[in-house]
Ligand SMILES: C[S@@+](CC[C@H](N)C(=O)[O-])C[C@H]1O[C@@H](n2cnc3c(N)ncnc32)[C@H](O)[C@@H]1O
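Just the one chain here, laid out as structure tokens, in the form predicted on its own.
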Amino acid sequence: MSKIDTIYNYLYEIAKKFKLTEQELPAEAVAREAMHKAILARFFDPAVGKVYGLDLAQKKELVEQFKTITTKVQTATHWIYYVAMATVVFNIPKSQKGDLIECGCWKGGSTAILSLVASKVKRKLYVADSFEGIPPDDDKKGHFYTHLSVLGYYEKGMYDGTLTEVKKNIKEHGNIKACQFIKGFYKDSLKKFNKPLVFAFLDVDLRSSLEDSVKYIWPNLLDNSLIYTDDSCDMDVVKFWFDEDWWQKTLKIKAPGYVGSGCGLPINPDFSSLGYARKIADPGRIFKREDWFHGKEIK
């Protein structure tokens, strides 16, 4: 059976389940369901998390926990995004030492989920936040979400969650033993951070906050590790990942670019806010070569 046939059969089952005719089945809802199904199938692959002793039952339980947490605690990120990121974390070689970091946790919903992921791979989750909302927005012209045709701005104190509130939510829904909290604005709180990292998730909204956090996270990120952000639709923020002047001046390296610029990774049929940058010191060591792409040795 081809992949197309499999998709058609799956859509037919959806229609039958909800007693819908082909004309009544919303194309966007069907596409979203199919895409989410594909992400889950990738996550449930036996190879994902095998080195950490994770089986299908444990991963299914995690997915249900992700869904529950996003309904119990305020979060700006859909539960399927965490499945995509958990897949990445569970594929990190067990021999690779390092921890996870999150910048921007709002009420602690994302933190609770990531703490569960961190605990499964026996790694620490560093949780960095001011715990008093975002700082003043330095972009007076506003933020333009090109793909969504949306223009807006942030106000100081938005997305605030106290440390007490965040810890309470993690205790109820996550694994607080996996967490270590770093309180303060990133330009100060992360200045002395010096721990090896294998994964990062940033949801910081402002370019200034992104600069402050990446400045100190990037040097600690191990080669071939990923930084995911929940700001892929904000073109003013995404430009940061292509700003050669900033990267050369601040970290003395080439700008890494960003996968998902403008409309996010293919998680939903219309758009997603999730994207990532990858730290690659030596592409020749990590990336494979293909014959269709002139895959011979590069001199």
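These numbers come from a predicted model, not from an experiment. Just count from 1 along the sequence shown to find any residue number.
Missing here is the form predicted in complex with the named molecule; even so, the following discussion is about that form.
- Only one of the listed residues (V204, V83, L100, V214) places a non-hydrogen atom within 4.5 angstroms of the named molecule in the predicted complex, and that residue is V204.
- Scanning C105, V117, I170, L125 against the named molecule in the predicted complex with a 4.5 Å heavy atom cut-off leaves one residue, C105.
- Here the chain stands alone, but in the predicted complex its contact with the named molecule, taken as any heavy atom within 4.5 Å, falls in 185-193 among 117-125, 92-100, 185-193, 218-226.
- Not displayed here, the named molecule is kept clear of T87 by more than 4.5 Å at the level of heavy atoms in the predicted complex.
- Not displayed here, the named molecule is kept clear of G142 by more than 4.5 Å at the level of heavy atoms in the predicted complex.
- Interface membership of A76, defined by any non-hydrogen atom within 4.5 Å of the named molecule in the predicted complex, is confirmed.
- The closest non-hydrogen atom of F181 lies beyond 4.5 Å of the named molecule in the predicted complex.
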